[in-house]
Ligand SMILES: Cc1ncc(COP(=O)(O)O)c(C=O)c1O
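A lone chain, given as structure tokens: the form predicted alone.
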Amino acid sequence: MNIPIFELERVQSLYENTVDYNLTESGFHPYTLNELLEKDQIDTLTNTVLGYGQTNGSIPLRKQISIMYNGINEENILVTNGSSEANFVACHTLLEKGDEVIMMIPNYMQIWGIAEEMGCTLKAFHLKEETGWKPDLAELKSLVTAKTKMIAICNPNNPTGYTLTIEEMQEIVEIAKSVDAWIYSDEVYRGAELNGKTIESFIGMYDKVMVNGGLSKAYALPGLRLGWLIGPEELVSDTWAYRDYTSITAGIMSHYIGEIALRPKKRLEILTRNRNMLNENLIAVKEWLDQYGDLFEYTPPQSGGMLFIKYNLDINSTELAEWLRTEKSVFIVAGDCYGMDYHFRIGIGERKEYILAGLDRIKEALKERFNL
């Protein structure tokens, strides 16, 4: 097997359903259909013929997606089975063996694994913890070459919650233009900003931009497995050709429910609910961490459903996560999954009482092993 194991996803798949408290969830507590839909919409759903939908996404769904971006229409959009499929299809459309890819780190590492399997050359530019996770754009500028095919961004960032300023976005665009590289922006957390202001997309800032999005994170609808790619019409047509070799289409029920969720009034309702949850939970989690003084260090996220934490204990992050899982049945993401030991990630988009109960288990563990 040539493709590396995707450690973050594999470890979550193995253990997230085997513990009392799963604090690895990176989105928000999911909706039920009864919470999301009106009775007549549920009735329509139960009478839906379970056939194939339009393989690039239903026209009503793609029209709703297009409203969220400047200067595009439904022909600029390919609907996928989650943003993970979007990443896979985009890489196979944009990249070839030998291409150079520069990726923002830390990051959701799927693209790194795909590009590595494809035979690409990979480089990293970093968000700097000491500056509140600001990007080192001087490093990015020093790394690009005539061989650079793609600069991969995650904005808002997973796992730090940092969001690029418009000035930083513009500088990244200028760097990409200088070598005629594509910008691929993972924007799946767009809509989960703590201040309630949806950030700008890279779409429209440069003619060689492709972005992804989806309903799994900011919209608390991971069970729909609904994502999308947005880019120039000709390029999106190429991604559709690759998509025909993967899952062919998202489910017809997901098309229907997703279109409802993205109607402007419902969309605002969903995002407001999730942002309120995020702000309330962040206060509670910060209070829990701060009781330990300088044991934990963190920069509060600007967006997203998680908090990335540095700890000052003499224990490897994978060992820490495994110990908490086996001894206290509470699951966290080890910083090793991001190549950053002595860190861990916890989700803060769940129900507050659930998060705090999980943190109580961690408190017990810290007292027993470290006398804290």
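Numbering starts at 1 and runs along the sequence shown. Just so we're clear, the structure is a prediction, and the values are computed from it rather than from any experiment.
One more form of this protein, predicted in complex with the named molecule, exists but is not displayed; see below.
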**OP:** Sort through 113, 82, 191, 135 and report the residue having a heavy atom within 4.5 Å of the named molecule in the predicted bound form.
**Re:** 82
Original post:
Out of 225, 275, 255, 149, which one falls within 4.5 Å of the named molecule in the predicted bound form, going by heavy atoms?
Top reply: 225
Subject >> Per-stretch contact check against the named molecule in the predicted bound form, the hit in 181-189, 94-102, 203-211, 235-243 (non-hydrogen atom, 4.5 angstroms) >> reply: 181-189
Original post:
Is residue 108 close enough to the named molecule in the predicted bound form to count, meaning some heavy atom within 4.5 Å?
Top reply: yes
**OP:** May I ask you to check whether residue 26 falls inside a 4.5 Å heavy atom distance of the named molecule in the predicted bound form?
**Re:** yes
Subject >> residue 158, heavy atom within 4.5 angstroms of the named molecule in the predicted bound form >> reply: yes
Original post:
Given that the partner is absent here, does residue 249 sit within 4.5 Å of the named molecule in the predicted bound form, heavy atoms only?
Top reply: no
Subject >> Residues of 215-240 having any heavy atom within 4.5 Å of the named molecule in the predicted bound form, listed in sequence order >> reply: 216, 217, 225
